[in-house]
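Let's start with one chain on its own, the form predicted alone, as structure tokens.
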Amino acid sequence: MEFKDYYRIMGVSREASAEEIKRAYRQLARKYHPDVSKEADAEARFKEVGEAYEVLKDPEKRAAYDRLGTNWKAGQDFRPPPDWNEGFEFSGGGFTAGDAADYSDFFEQLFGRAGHARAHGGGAGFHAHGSDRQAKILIDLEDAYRGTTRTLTLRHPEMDAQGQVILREQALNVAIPRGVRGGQHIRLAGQGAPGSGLGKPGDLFLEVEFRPHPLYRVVGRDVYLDLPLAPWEAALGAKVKVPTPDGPVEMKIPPGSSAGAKLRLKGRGIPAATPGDFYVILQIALPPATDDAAHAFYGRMAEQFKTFNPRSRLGV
């Protein structure tokens, strides 16, 4: 996926005001409108300008996009960091099925899921209900096993008098329930956008995402661990200690186990009424041959198993 420099597309600086961005969009939209433009790539440029404007006109999207920094270049291979938009709120946002074709994979990766927040239908007169908002919260896998309380700093992008985006910060204490899954939403009633007049504020929905873990992988409620074994443990069987997010457990390794074999600890995944499972994927770790004695041992081993061909299934 290629990085898109929306400021470059619009021909404005990163410090441009909302009015400058609007003015640039109007000029470019007239220049590249497919019905009137003589440019060979008018339709593609028109869509590109529309996508850039969709981000830069919106204080929330613009503030989150700016957080990616200035080190990225247009066309550079890009994957967003896992915490790039943690704590940013998005109200509405995203795109609908009708206009998805007009926006790039880059836009979808950054903002495509922001459309979960729903807007309320409003009220009578000046008493309109505030819209719901959505933000992302990163937690550790261990938090889902035990439950915890986290302090989350939310950033509210606003326009100042000069049309520049500024960030207001708000700290919230959030209870992370035991058994929460990645992708699940935690609802904070009344913490969304304020209502108009006597209208009630909307709600804030926090989308849970797990931080990358050095040991574990998560699929739904199931948790996976690559477990190194010594060759003799795999060949002869053994009892070994296995780390889990809920503490170490002892596991029996069957004799004759091979690399890639999968063993299950039932119910040791993420807790729930029907908990997930914990899977151990066996890996064979070879001792290094760093001295003469080790070399000699591997030589005797080669002689002992000279009829063994680990590539037999490859036909060679």
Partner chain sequence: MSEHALTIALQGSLLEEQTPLSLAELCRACSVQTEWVMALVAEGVLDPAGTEPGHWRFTSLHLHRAGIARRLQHDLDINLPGIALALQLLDEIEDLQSRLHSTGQY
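Numbering follows the first chain given and starts at 1. Just so you know, these numbers come straight off a predicted model, no measurement behind them. So that the term is clear: the rigid core is the largest set of C-alpha atoms that superpose within 1.5 Å between two forms.
Just so it is clear, the following notes concern the form predicted together with the partner chain, a form of the same protein that is not shown.
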Exercise for review: Check each of Leu68, Ala42, Ala285, Ala29 and return the one that places a heavy atom within 4.5 angstroms of the partner chain in the model of the complex.
Suggested key: Ala29
Practice item. Let me know the one among Leu172, Val240, Ala74, Leu236 whose heavy atoms come within 4.5 Å of the partner chain in the model of the complex, would you? Key: Leu172
Check your understanding: In terms of non-hydrogen atoms within 4.5 angstroms, which of the given stretches 224-232, 242-250, 103-111, 137-145 touches the partner chain in the model of the complex?
Key -> 224-232
Exercise for review: Consider Asp35 of the chain shown here, and say whether it contacts the partner chain in the model of the complex, taking contact as heavy atoms within 4.5 Å.
Suggested key: yes
Point to revise | Interface membership of Gly260, the partner chain in the model of the complex, 4.5 Å heavy atom rule | key: yes
Check your understanding: Using 4.5 Å between non-hydrogen atoms, is Pro194 touching the partner chain in the model of the complex?
Key -> no
Review point. Does the partner chain get within 4.5 angstroms of any non-hydrogen atom of Leu167 in the model of the complex?
Key: no
Review point. Would you say Gln283 moves between this form and the one not shown, meaning its CA shifts by 2 Å or more once the core is fitted?
Key: no
Practice item. For Ala273, state whether the C-alpha moves by 2 Å or more between this form and the one not shown after rigid core superposition. Key: no
Check your understanding: After fitting the rigid core, is the C-alpha of Ala259 off by 2 Å or more between this form and the one not shown?
Key -> no
Study note, to complete from the structure: With a difference of at least 3 Å, the CA distance of His185 and Lys57 in the model of the complex shows the atoms farther
